[in-house]
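Single chain ahead, written as structure tokens, the form predicted on its own.
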């Protein structure tokens, strides 16, 4: 039924009656539609469910458009980003259009669903702002980073699962927790893959997060394990274009101190908790989605 959600999004875009917007939308990579799959698995596939999933995907797409502008990204999932091909102003306005249309359509679903999703967008925006601030300098504030991770990534996943539960009268708190854990683990795995995966698989240069200024959990954990001289070296490389030698040094230090294993274990704990929660409710499909996340290569 993911195809039904795609058709609903296309309908919403067509209703805007703007050829340029339609052209821009067709250029956007669709990704894995994980939020759609969550909503459909939880709530089935009636019209309200399809509409909810469509609005969530439009909101997610809007957030990525803005994110690419903030990060000066040239690619998105291996494709040229809208800001790179059309300019920052166009990318920002396309994001605003998707946000606005999604909010308009949410009002026709239910007040409660609209509250849940719109609150997640508030959190998402706060998380984006926090990410910008944290990226200005090298930091070791794990709690601040995890809060930002929740707001920027997990909040919309959490809201998707909770909205699905509300639509069919299931335990909203249980599904909310499942979505939160899934969202946090998803981003933690992304942080790891930025270090371990090759550029072709990532669709962007390896170690790109660190070059951009993002001090993700692996770097925080690495800093804690290094001696004074190596700490200074790590800080000196922050937000710098890395030479092959410096990339090699970072990866060797990560391996020496088993940093990837530590970060992966933390993500796995969240996924295991989500799996156990869903299995206790008989939700085998949702349990499988969580298992696939921790095993993914990208």
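Residue numbers count along the first chain shown, from 1. These numbers come from a predicted model, not from an experiment.
Below, we refer to the form predicted together with a small molecule, which is not included among the displayed structures.
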For the small molecule in the model of the complex, the stretch among 247-255, 227-235, 55-63, 267-275 with residues bearing a heavy atom within 4.5 Å is 55-63
Heavy atom within 4.5 Å of the small molecule in the model of the complex, from candidates 221, 150, 138, 99, belongs to 99
Among 166, 130, 121, 195, just one has a heavy atom within 4.5 Å of the small molecule in the model of the complex, namely 121
Taking any heavy atom pair closer than or equal to 4.5 Å as contact, tell me whether residue 71 reaches the small molecule in the model of the complex.
yes
Even though the small molecule is not shown here, does residue 76 get within 4.5 Å of it in the model of the complex, heavy atoms only?
yes
* Asked: Could you tell me if residue 177 has a non-hydrogen atom within 4.5 Å of the small molecule in the model of the complex?
  -> no
Heavy atom to heavy atom, is residue 170 within 4.5 Å of the small molecule in the model of the complex? no
Between the small molecule and 8, 45 and 105, in the model of the complex, does every residue show a non-hydrogen atom at 4.5 Å or closer?
no
